[in-house]
Ligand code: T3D
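Read the single chain below, which is given as structure tokens and is the form predicted on its own.
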Amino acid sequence: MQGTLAATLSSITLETKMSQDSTPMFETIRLEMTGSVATLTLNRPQRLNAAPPAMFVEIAAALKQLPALGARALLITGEGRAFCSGADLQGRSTDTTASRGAQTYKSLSESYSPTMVALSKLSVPVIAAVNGVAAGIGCSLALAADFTLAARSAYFLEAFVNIGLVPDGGATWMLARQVGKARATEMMMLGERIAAEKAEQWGLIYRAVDDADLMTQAHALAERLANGPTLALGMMRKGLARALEQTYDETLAMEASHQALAADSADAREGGMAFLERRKPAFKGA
């Protein structure tokens, strides 16, 4: 990476070029539409999809494109034999005026963390198909999905302790809530691989599947969710996140507010009519 981190980030054009099928073109990722499912592929296979700050800037730009593309579900995966091997340590800024710590803080604050927040606030379901190693920030990205499927050969790794660093990308928040303090401590302080099947047993991920079936099952799940009442699904994912921080009374009030919005939706009317008419509902996400 040439020049300072700030210069690198500012050089990325968020008003991306559009391909002939009207999906945005990027340098480090691909964004493709299949029906109403958007597939975001981390696309640096020669580096095991190691993520420089520029990649997460592009991910954030891609997330902003989803409403205009008509996406009703997002599938995230990696190109080649890895999901994401972590932050690209070779992609650090060459700015010698700032300490390594200052540069790291800047890249987290301006690139990685804002993108993780944007992902958490999406109004559509998110599925991760982990096709290989998911380490460091890649582990955080994979576990931020609503449904994380992993190939049996894949594994999850909080590698930070092995190089004298601490977890980031929201890992500290997510792991403690997903698998409890003891297992989160194991992952963070021992820095050992957690195989896909063990991750499923722990409840860290949704499902471990045969390698050959990963993308088929991930796409099938994404399509199922995209064909569902995505307005309600979006409120569910936000409600689940907020419920982890709220009191019981506050959660009841939130549910009432969300239910009022859902009850007035076209999907709720369609769902009710389909039930009465004993047919499958045709949800539109509105």
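If you're wondering where the values come from, they're calculated on a predicted model, not measured in any experiment. The first residue of the shown sequence is 1; numbering continues from there.
Another form, the form predicted together with the named molecule, is not on view; read the next lines as being about it.
Only one listed stretch (159 to 167, 204 to 212, 69 to 77, 123 to 131) carries heavy atoms within 4.5 Å of the named molecule in the predicted bound form, and that stretch is 159 to 167. Among Leu48, Ala61, Met235, Met254, the residue placing a heavy atom within 4.5 Å of the named molecule in the predicted bound form is Leu48. This chain appears without its partner; in the predicted bound form, the one residue of Asp88, Glu200, Asp146, Glu186 with a heavy atom within 4.5 Å of the named molecule is Asp88. Mapping the unseen interface onto this chain, Ile137 counts among the residues with a heavy atom inside 4.5 Å of the named molecule in the predicted bound form. Put simply, Gln178 is far from the named molecule in the predicted bound form: not one heavy atom of it is within 4.5 Å. Though the partner is left out of this view, Ser113 does not reach within 4.5 Å of the named molecule in the predicted bound form, counting heavy atoms only.
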